[in-house]
Each structure stands twice: as structure tokens, then as C-alpha cells.
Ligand SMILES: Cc1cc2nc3c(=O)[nH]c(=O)nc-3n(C[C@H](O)[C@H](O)[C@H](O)COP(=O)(O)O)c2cc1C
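Take a look at this single chain, the form predicted alone, given in C-alpha cells.
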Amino acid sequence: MTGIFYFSGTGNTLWIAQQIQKCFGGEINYIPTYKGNASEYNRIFIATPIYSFGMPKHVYEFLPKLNKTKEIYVIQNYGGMSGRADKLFFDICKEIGLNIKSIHLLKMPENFTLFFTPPNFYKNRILKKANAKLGKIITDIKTENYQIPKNKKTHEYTWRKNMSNWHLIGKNFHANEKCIKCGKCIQVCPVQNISMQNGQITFSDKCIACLGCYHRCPAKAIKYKNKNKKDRYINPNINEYDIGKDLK
């Protein structure tokens, strides 16, 4: 059986995982809640966003737990620049001793929109292109046209530095007067960084900058610093309530 592992804040990577499942079958597992080493699967797919030219903290901590005998296929998605994150991912996996067969990059709509907002026509164009590109990636894997990143310099220093500082971003968020106290942000946070204290939504210092709370708040009440940005992004091709779930 095929095991598909993903991490997703706003649904881009979940959509990739679901397309993999349609073509290869198997089970989709949400990385932050998975406790095993994938020994139950014949082959493994990992779908992950690129954070700061690297990978999310959960994905990085997940890799050493994997069974080293399994064939692994990776699809990384990015909004701005990939920053040679495929080579960094490959290098880390080889250090661990994982059996990486192929790594692919896929451009998706940007969801780190705290400082800027891509226009809707651009997001729609990226989604359309992503559908065709992912189809080609899946065909390449089926036909064993594997992709291994060539020798090139990565941005490992930048990624590791930023990863160690991501938690600092958490205290720059707050819920304004529009907050309906539904608790959804508490539920979707993968690191339990959000809580309700004295009737108010409170952010702590464990943030990993996935922005799931920011984009998925139904009242758009979560703000970053004093910015009054109204745009939010959830991948339109998935059911939002499947984000963070295992799909068998």
C-alpha cells in the first residue's frame, strides 16, 4: 500500500496529496499527528510546502522517524521562490539514510500574504498551471522518469536561522473585535500555540508560521501587527475541513 504524508496550512499541499491518492491509491496521513515510521507502507510520498527555502518544522522532525528501506517520492510546493529547497531536502534525507527516489517542485498560489497580496487572476493562473504540472509529475513518477536535484548551493543557513526564529512571529498576531470566539484557530493550530484565556484569543511563542489560523478564521478577525489586510487564501479545490485530517 502507498502511504502519503503531508503538511498543510491552507490546503495547497492537501490538494497535492489528494491528487497523488487518486492516481496511486493508498492512505493520506497528516504529518503532525502521525506516530509511526511508515513501515506499514510499500512506498511513501511526502507532500510538503517550502518554508523559507526549506521545509516546515514538522516535516523536518518527521524525516528521521521514517523506515529507511522504503522508496520515497517527494513533491514540494512553493509560492514565491523555491530557493533550491529540493536539493536541501535531498541532502538532509541522504544524511539520514533515506531511500529518496525522486523530488519534484510545484509552484502554487502564495499564502504568506502578511505583507502583500497577489491578485486573484494571478492565483487562478497559478492553480491552472499547477494542475497540468502535477499531472506531468505524476506521469514522470509512473514511468520512472525520476528527478534528483543536481549539485548546487542551497540556502540551508537562511532556512535554519529562520526556522529557529519562526516562533517569534506568533506574538505579532491578535484577534480583534470581530472575533466570534468560535475556537477554530485553536483547533487548526498544529502546535497548540493559540488558546482562550479570560475570554480572549491568546497567541503564545510556539508559532511555525503556517498561517492556518490567519487564513481560516471565519470572521477574518486575526490580524498581524497593526495591518488591516482583508485578503485570505484557502485552496479552492479542497474541502477546508479536511486540512489536518487523515484521509483513508
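Each residue number is its position in the shown sequence, starting from 1. Since we're looking at a predicted model, the values are computed, not measured.
The same protein has a further form, the form predicted in complex with this ligand, not shown here; the description that follows concerns it.
Peer 1: May I ask you to check whether residue 210 falls inside a 4.5 Å heavy atom distance of this ligand in the model of the complex?
Peer 2: Result yes; residue 210 sits at the interface with this ligand in the model of the complex.
Peer 1: Given that the partner is absent here, does residue 52 sit within 4.5 Å of this ligand in the model of the complex, heavy atoms only?
Peer 2: Judged by the heavy-atom cut-off of 4.5 Å, residue 52 is in contact with this ligand in the model of the complex.
Peer 1: Does residue 112 reach this ligand in the model of the complex if we count a contact as any heavy atom within 4.5 Å?
Peer 2: Close contact exists here: in the model of the complex, residue 112 approaches this ligand to within 4.5 Å, heavy atoms only.
Peer 1: Residue 80 near this ligand in the model of the complex, any heavy atom under 4.5 Å?
Peer 2: Residue 80: yes, in contact with this ligand in the model of the complex.
Peer 1: Looking at 102-110, 174-182, 139-147, 67-75, which one sits within 4.5 Å of this ligand in the model of the complex if you count heavy atoms only?
Peer 2: Stretch 102-110 is the one.
Peer 1: Counting only non-hydrogen atoms and a 4.5 Å cut-off, give the residues of 164-185 close to this ligand in the model of the complex.
Peer 2: If the 4.5 Å heavy-atom criterion is applied to this ligand in the model of the complex, 164-185 yields only 166.
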